[in-house]
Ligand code: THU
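What follows is a single chain, given as structure tokens, in the form predicted on its own.
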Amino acid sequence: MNNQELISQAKAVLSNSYSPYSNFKVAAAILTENGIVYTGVNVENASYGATICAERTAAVKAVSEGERKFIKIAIISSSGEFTYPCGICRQFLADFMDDASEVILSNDKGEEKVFKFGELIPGVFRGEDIK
């Protein structure tokens, strides 16, 4: 699957974001090694700390279906600008993405930025570090 197709899948769910507090909608689409795409949006909560980001929503959906390896993730937002995954999402995704996996950001001009996952979180702490 090419990057534009993955971005399109994220765009298709952006309006599902539940963001009444920040009005900052985010959507993500994850491609797994099995060729399946899982999408997610941010879901805010009045207690703020219970809010979940779009990246983790998509990841949890994938993992709950038995997926354990993500090839790439596309992220978009209502800001119109490139929206990077937060630190919690980067650490969370580290269990399912290797350093060569791709992170694709898109803005409202149709421009893309593509990073290797390892570029966004160098020296990441991984589960095998505690074994």
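Sequential numbering from 1, following the sequence displayed. Bear in mind that the values here come from a model prediction, so they are computed numbers and not experimental data.
Not pictured, yet referred to below: the form predicted together with this ligand.
Taking V26, I73, A58, M97 one by one, only a single residue has any non-hydrogen atom within 4.5 Å of this ligand in the predicted complex, and it is V26. Checking T32, N42, S101, T39 for any heavy atom within 4.5 Å of this ligand in the predicted complex turns up a single hit: N42. Highlighted residues N16, S79 and S106: none comes within 4.5 Å of this ligand in the predicted complex, counting any heavy atom.
This ligand is not shown here, and in the predicted complex it never comes within 4.5 Å of any heavy atom of F92.
Proximity of C53 to this ligand in the predicted complex: non-hydrogen atoms within 4.5 Å are present. Not displayed here, this ligand is kept clear of V63 by more than 4.5 Å at the level of heavy atoms in the predicted complex. Of the residues in 63 to 102, those that come within 4.5 Å of this ligand in the predicted complex through at least one heavy atom are, in sequence order, T83, Y84, P85, C86.
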